[in-house]
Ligand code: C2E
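Shown below, as structure tokens, is a lone chain in the form predicted on its own; questions about how it binds or moves come after it.
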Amino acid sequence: MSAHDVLTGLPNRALFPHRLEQSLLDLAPRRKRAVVALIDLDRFKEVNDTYGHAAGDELLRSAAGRMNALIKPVDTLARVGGDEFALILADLDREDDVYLRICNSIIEGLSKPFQLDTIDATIRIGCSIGVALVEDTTYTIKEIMRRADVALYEAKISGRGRLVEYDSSLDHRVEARENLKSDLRLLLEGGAEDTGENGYSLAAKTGRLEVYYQGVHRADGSGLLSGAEALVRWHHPTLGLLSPDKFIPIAEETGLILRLGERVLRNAAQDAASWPVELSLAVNVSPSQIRHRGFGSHVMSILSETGLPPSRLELELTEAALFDIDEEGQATLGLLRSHGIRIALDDFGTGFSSLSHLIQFNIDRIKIDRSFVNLLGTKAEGAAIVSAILELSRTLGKATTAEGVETQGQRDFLVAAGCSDLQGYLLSRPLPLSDFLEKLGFQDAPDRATNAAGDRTARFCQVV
């Protein structure tokens, strides 16, 4: 019992190293090789948090059963963590790539629906796999596991639902990521944007953050600007201009997302305060921010400091974020909405979602993901999906924004289908504040104290 997992019956993390050690001893005299694979279930936490531990336990048992059915009796599948498994494929010929077929079959098998009797529901998850080939038996078990873990990490950050084999280049990426993490910490905690000799020295090492703005346009045929989404960029001194996907995950991991989010919101609110009153500002927020006890008061404080009316602010959350929001987070969202701030659901339809969240969290706007918009004009399913989302939104009284609009055909379809707003490269690209204002005819951008009106408003709303 001490060597096996009670829930799944698989070997546990105590037995696994002994099995691996025995596999290594068997390799040397026979010129064979082994494979160690770390398997992490994707979206398991969402299922566990949404449906409870009983459903999570049933899912773990079912997943273990599917994987066990795909391997040989001489192989070892162990449960080494909450939703993490480890696999030893032993006694492989040096040129045999059967491990790739087995791992890919595991990915395929775990991506199929699971029928959970505990909740009488069908759910989908998936998995990510990191693989380390073992040919040189001089490597320690610790090094082998490190390599598999590095490969697994790469699989998860590169999109999940995939297999990554370890190679030495991944170590360089890990090192580069650690350096980036250090720079981000200095940037957000060390006052790299302060003036003075010390501030300049630190800024020279870490660079600076800048908020870009991408216009959101009305889908009523006029194409007038209705607002803009704030998108942070990092001007790094050696890596150049970094988009959010390069450093937001790091900020989440390190807990720096609270400082980063507050800085972006404050800068964006300050910029937008002098825009015409009919233009809204959309800012992305993370589950960590929503869960933070002081988030609501911080938001209201920033709006008070900058003079941006709450009714002009829209906070965007992803579907995945909703699963990480507890009752206190829901109360925070309710408080913000009571002050007039709107809540938008980003990337709708791409995550592990529930339609009840549209009601439960009082969502004001649904953002149609670019992956669905890209299907318009190429696949019939695209038009059906987008039309269904728009019809659902109308029925529930929700506004809609279509992201990633890049062709005239997409725009025409969305306008005809009754979408509220459009966003994408066809209409406008993300731009620094000065370029955003200049492109819209607001030449006196430095004068933030005056709220433009009259002909300035007209120029602001002119489609470019």
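Keep in mind the model is a prediction, meaning the values are calculated, not measured. The first residue of the sequence shown is number 1, and the count goes up from there.
Keep in mind that the form predicted in complex with this ligand is missing from the display, and what follows is about it.
Of the candidate stretches 104-112, 146-154, 171-179, 283-291, only 283-291 contains residues with a heavy atom within 4.5 Å of this ligand in the model of the complex. This ligand in the model of the complex comes within 4.5 Å of no heavy atom belonging to residue 118. Using a 4.5 Å cutoff between non-hydrogen atoms, residue 122 does not count as a contact of this ligand in the model of the complex.
Shown alone here, residue 300 lies farther than 4.5 Å from this ligand in the model of the complex, counting heavy atoms only. With a 4.5 Å cutoff on heavy atoms, residue 229 counts as touching this ligand in the model of the complex. The partner is absent here; in the model of the complex, the one residue of 338, 243, 140, 158 having a heavy atom within 4.5 Å of this ligand is 243. A heavy atom within 4.5 Å of this ligand in the model of the complex is found for one listed residue only; from 325, 163, 375, 264, this is 264. In sequence order, 403, 404, 405, 406 are the residues of 377-408 having a heavy atom within 4.5 Å of this ligand in the model of the complex; the partner itself is omitted from this view.
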